[in-house]
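First, one chain by itself: the form predicted alone, in structure tokens.
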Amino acid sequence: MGNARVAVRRVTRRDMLKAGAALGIGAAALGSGLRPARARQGGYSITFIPGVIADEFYVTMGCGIEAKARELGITVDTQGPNAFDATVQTPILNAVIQTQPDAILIAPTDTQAMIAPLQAAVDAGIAVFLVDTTVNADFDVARIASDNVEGGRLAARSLAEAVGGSGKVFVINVKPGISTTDQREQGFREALADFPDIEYLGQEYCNDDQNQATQIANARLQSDPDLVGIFGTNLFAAQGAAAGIRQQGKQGQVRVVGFDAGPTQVQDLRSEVVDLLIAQHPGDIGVTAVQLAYDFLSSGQAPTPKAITTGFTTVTRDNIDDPDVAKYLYISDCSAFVLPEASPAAGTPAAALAAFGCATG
């Protein structure tokens, strides 16, 4: 998912960032008056590095990135790992740094392990924007993501309602050290405190692998035959939970709330294996990230505050065909992607983001 890279370069934002770093000048201090010549002669180049290349969440985000980039005249290159793993993502990031894009939009695969590789990008004068996941450092220009703690709370409340407020529930998570899914489990666990008749059995990790998630669900359904609910914290965890329930013939007996809304998850919802999906807005994340990158590269002014959160849509069998809900279902290719009507306008980031439904803070 990318266009050919522009080869001719003049003085770029990266060159100014390098000079600023050498002089100890912060990015925002470069000022809006320093506009790189390249912006007037054909646009910037950005690289998108998703957490994993085949996940429909990141596919949908990439569609938003490419659509907004085309609108703004930005060149996009997409490169992603085939597994959600820092040891696989790091060589890709290292190679991207050598190509010297103006900005990198990346979903880091580990909160700690990706710090040093990303610091290398910053040291090379490349503007770094974190999309979806984050790291335990503060060198990025901005981070755009869902409010994952609140998403976990929403999952807990929805599952509690589905199971009638009592019984044993369980979480299939991805792997430790991922900011988003760690936060979803945190929010889920915290919200269950409001339901004293629900027993939380804890979580197991599927390594972002649907087959492992299915094995975990099967084992848990056998060890705890009175289990009443499962929360899958991402697309593959939720798909594996649904597969395990089908294999055990537990449809309608064990309720499932899944994070994300990929095509397989939607089919699981329609076939009554899954009871509710919490759809993030990955297309909005992508559109917003590109707009923020464009504004920063054009003006030198970083957004304040730097954290931008996008919304959720609760998907049920009753509302799945509502156009206002269906537009947030994830896609496997960009052929049907349409830019949101309220996508941010250049030069007015704060007002535009508010119109776009993004929260800051």
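Please read all numbers here as calculations on a predicted model, not as lab measurements. Heads up: residue numbers just count along the shown sequence, starting at 1.
Another form exists, predicted together with a small molecule; not displayed. Remarks below refer to it.
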Partner-free chain; cross-checking the small molecule in the model of the complex, the single residue of 280, 291, 89, 173 with a heavy atom within 4.5 Å is 280
Students should find that, of 135, 256, 235, 103, the residue having a non-hydrogen atom no more than 4.5 angstroms from the small molecule in the model of the complex is 235
Mark residue 268 yes when one of its heavy atoms lies within 4.5 Å of a heavy atom of the small molecule in the model of the complex, and no otherwise. no
Discussion item. Residue-level question: is residue 214 within 4.5 Å of the small molecule in the model of the complex, judged on heavy atoms?
Written reply: no
Check your understanding: Should residue 284 be classed as touching the small molecule in the model of the complex when contacts are defined as heavy atoms within 4.5 Å?
Key -> no
Does residue 58 reach the small molecule in the model of the complex, with heavy atoms at most 4.5 Å apart? yes
**Q.** Output flag, 84, 180 and 260 jointly within 4.5 Å of the small molecule in the model of the complex, heavy atom basis
**A.** yes
Counting only non-hydrogen atoms, the one stretch of 50-58, 63-71, 320-328, 303-311 within 4.5 angstroms of the small molecule in the model of the complex is 50-58
